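In the form predicted on its own, a lone chain appears below as structure tokens.
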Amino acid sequence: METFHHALKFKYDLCIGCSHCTSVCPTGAIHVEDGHPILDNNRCIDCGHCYHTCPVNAIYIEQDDFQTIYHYKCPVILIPTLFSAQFPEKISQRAILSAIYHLGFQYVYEVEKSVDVIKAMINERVKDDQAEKPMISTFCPAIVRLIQVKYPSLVSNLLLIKPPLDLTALYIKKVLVEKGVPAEDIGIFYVSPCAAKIAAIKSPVGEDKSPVDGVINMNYLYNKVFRIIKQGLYQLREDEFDFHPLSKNSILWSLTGGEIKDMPAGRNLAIDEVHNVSDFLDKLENEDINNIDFLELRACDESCAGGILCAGNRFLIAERQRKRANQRPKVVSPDENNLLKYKEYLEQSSKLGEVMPRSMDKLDDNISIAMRKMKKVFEINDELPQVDCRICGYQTCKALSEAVVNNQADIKQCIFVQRILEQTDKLTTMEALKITKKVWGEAKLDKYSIKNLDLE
């Protein structure tokens, strides 16, 4: 089984064991032991909801050291179109570009430069009556992983076309090599608005290796560029690169509805925010919904504009992005976007490899043992109170049941089971306290010791 890289990390010295992260995880990838969150690497999809909800900033995003760019003679930066939409409107795109060059990059490209090629391929596939429907976009890596671990029966619906990031990176390398730049001197760095894209570059799904050499935190770069502009450290550049030649469709691609815009007639839906996506996929998997041709699914609210590494308000970012798009035509020529001259090469390089399911409900490789374990899970779950209070350290009663069957937890971690056993003299109060301390840690229970309370 392939290994998932995870960009989300915990700072245990800051963690207060509140379990907020446990409650919001869409795949139940976090449980609590000894007062700290424990991550199940096979369930985590790096959606970043835990990062958003943590009240003490005990979750951080692992990223490459910015100094890595100077290890290459020809460092190239790939920025999403929404990067410039985070700045105040009084700051020109030319100033933003000049500040980025000031950091030492030799070339600057926008990721969505390859969208027009990808959109044409997707539209052709959607029109194919023989293709399995609904086709599901692979643009958002958190959604690809969500389907792998939570909806494995839908893996075959994934549209195996590389995202704009990959195709634009392939185009850049080809163009620069044609210009005489040695391939080993080229370092391509992507500015990521989310943890999922960082994870996808480090351990790509459907590819052996990402064409991107490093990742830069978008919030980090925003602050770096903004400081350069405010302090006037840059020189305004006039060169062949410009933010403007992209088509309207390319600029809108990373927003909700960007992929399904101007698609062939059919039933094409755009759904954002991972819990909304999960609710919809539950219905789709249960065949409560049918006759859909294409699904654009994004893990963040307002899609990439709501990425956890974006520096601005997602609604204002989306507004500025649409304003920029409205100034551009739907189609641009190869003279405006040189990448279109490499359309045939990119189409030949566009196919993703097979994406494998990795069900989070898989209890054993041996099917007969797995079936016995599943039966036991149902039996235990039926005996639990179904209140999903998380006092046991797990997100749901079902999650605790699975952990018990896999010898990772004790059913007596359930506070209701403890009370029942105490009433029947099968568990002492001190034994129950010991179990609870194992989940929530010594400090949390000592802090609220009943002897310090005035109950009179």
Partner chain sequence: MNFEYQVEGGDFTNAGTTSSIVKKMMKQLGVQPDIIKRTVVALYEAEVNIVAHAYRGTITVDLDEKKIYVKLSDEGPGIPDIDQAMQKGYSTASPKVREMGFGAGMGLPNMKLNSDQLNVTSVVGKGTTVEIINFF
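Positions refer to the first chain, counted from 1. Treat the numbers as computed from the prediction; the structure is a model and nothing was measured. C-alpha atoms forming the largest set that superposes within 1.5 Å between two forms make up the rigid core.
There is also a form predicted in complex with the partner chain; it is not shown, and the following applies to it.
Visitor: Could you tell me if all three of 93, 110 and 331 have a heavy atom no more than 4.5 Å from the partner chain in the model of the complex?
Guide: The answer is no; none of 93, 110 and 331 reaches the partner chain.
Visitor: Here the chain is shown alone; which of 313, 157, 123, 203 has a heavy atom within 4.5 Å of the partner chain in the model of the complex?
Guide: Contact residue from the list: 157.
Visitor: Can you pick out, from 230, 73, 375, 209, the residue that has a heavy atom within 4.5 Å of the partner chain in the model of the complex?
Guide: Of the candidates 230, 73, 375, 209, 375 is the one lying within 4.5 Å of the partner chain in the model of the complex.
Visitor: Even though the partner chain is not shown here, does residue 282 get within 4.5 Å of it in the model of the complex, heavy atoms only?
Guide: Residue-level check for residue 282: yes, a contact with the partner chain.
Visitor: So, in the model of the complex, is residue 236 in contact with the partner chain at a 4.5 angstroms heavy atom limit?
Guide: Flag for residue 236 set to no.
Visitor: Taking heavy atoms only, is residue 183 within 4.5 angstroms of the partner chain in the model of the complex?
Guide: No, residue 183 is distant from the partner.
Visitor: Is residue 362 part of the interface with the partner chain in the model of the complex - any heavy atom within 4.5 Å?
Guide: Residue 362 belongs to the contact set for the partner chain.
Visitor: Counting any heavy atom within 4.5 Å as contact, can you tell me which stretch out of 164 to 172, 145 to 153, 331 to 339, 262 to 270 lines the partner chain in the model of the complex?
Guide: One stretch meets the cut-off, namely 145 to 153.
Visitor: Please say whether, between the shown form and the other one, the C-alpha of residue 381 moves by 2 Å or more once the core is aligned.
Guide: Comparing the forms between the shown form and the other one, which are aligned on their rigid core, residue 381 does shift its C-alpha by 2 Å or more.
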